[in-house]
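Encoded as structure tokens, the following chain is the form predicted on its own, with no partner shown.
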């Protein structure tokens, strides 16, 4: 019984690694879209706070120093999910985003709700120690896209809380437990995000704005967990690796310079389960490899904390 609810929490509170550059609007929305597949009906809530220091200046794959710019991103993400049957689940993710950037001569910030994601998940198969899930998500243009600076000029698309577009995410996730007879669990996933074009970014009463599209992206994520107990608490250290490849952005039907590239990031965390229905997970993330197109400022480090709580909907 203990291992049953332990496995449940591993899935419910799992937020995959996601490190974004300054060239992607809003919160790291690809985090945590996977939903637990469970034999019983349940409802789960999760709350995540994520901090990113975006202070690494990259010229292709070379790290530059003495950059006068600085930037941070802080996101609070609320996730609710429901398992209707052993096969079908659905969820919603609501992000709230604060961003700030500064140079020697100016400072700008933005605060607002990001784009909401609705997710449906189907359990393709589940065996004794493994399962395969397919997930499809739609990101709705609910985020704020009219942030202005002190001069009443539109902030760049990457500083907006939302993208102003419907975007689509597909993901296949595979989990295997008790590798080689041990308690080590492995989870891996392949994700592809298709972004559409905001045809009228920065439109006003006197201007039609301009088309802007964030590049499509591919991610491969793998994570390792090994549960054990300390007194009456379950403790689960975890290590995740994420490879991310993003296409260049497109502005006014022209490929935007200094956008797109490849990232390899790591995240280290630890799940703390003081009660059967509650989990707490602090984590820390950092880049292992970055090879970007042109000159870009990107994530140097990240940290955060996640809280999860599960409600059983079974009558008995």
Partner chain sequence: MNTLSKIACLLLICLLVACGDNDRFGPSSEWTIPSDEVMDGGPGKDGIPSIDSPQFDQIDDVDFMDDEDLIVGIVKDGEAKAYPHKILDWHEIVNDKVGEQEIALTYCPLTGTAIAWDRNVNGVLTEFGVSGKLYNSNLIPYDRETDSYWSQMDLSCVNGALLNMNIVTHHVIETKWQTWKELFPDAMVLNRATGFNRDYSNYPYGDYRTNDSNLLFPVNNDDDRLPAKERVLSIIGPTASKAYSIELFDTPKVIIDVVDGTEMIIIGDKEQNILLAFENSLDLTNLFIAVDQLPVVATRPDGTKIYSDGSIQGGPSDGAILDHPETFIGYWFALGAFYPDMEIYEL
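Just so you know, these numbers come straight off a predicted model, no measurement behind them. Positions refer to the first chain, counted from 1.
Keep in mind the form predicted together with the partner chain is missing from the figure; the text below concerns it.
Novice: Could you check which residue among 288, 255, 47, 272 gets a heavy atom within 4.5 Å of the partner chain in the predicted complex?
Specialist: The residue from 288, 255, 47, 272 that makes the contact is 255.
Novice: Looking at the partner chain in the predicted complex, do all three of 130, 183 and 239 come within 4.5 Å of it through at least one heavy atom?
Specialist: Spot residues vs the partner chain: no contact at all.
Novice: My question is simply whether residue 199 lines the interface with the partner chain in the predicted complex - judged by any non-hydrogen atom within 4.5 Å.
Specialist: No.
Novice: State yes or no: in the predicted complex, is some non-hydrogen atom of residue 264 no more than 4.5 angstroms from a non-hydrogen atom of the partner chain?
Specialist: Output for residue 264 is no: heavy atoms all beyond 4.5 Å of the partner chain.
Novice: I'd like to check something about residue 154: if you look in the predicted complex, is any of its heavy atoms closer than or equal to 4.5 Å to a heavy atom of the partner chain?
Specialist: Yes, residue 154 sits close enough to the partner chain in the predicted complex that at least one of its heavy atoms falls within 4.5 Å.
Novice: Please determine whether residue 57 contacts the partner chain in the predicted complex, using a 4.5 Å cut-off between heavy atoms.
Specialist: Contact with the partner chain, yes.
Novice: Counting only non-hydrogen atoms, choose the one of 225-233, 112-120, 84-92, 203-211 that falls within 4.5 Å of the partner chain in the predicted complex.
Specialist: Every other range fails; the passing one is 203-211.
Novice: Going through 41-66 from first to last, which residues have a non-hydrogen atom within 4.5 Å of the partner chain in the predicted complex?
Specialist: The stretch 41-66, when checked against the partner chain in the predicted complex, contributes 57, 59, 62, 63, 64, 65, 66 at the 4.5 Å heavy-atom cut-off.
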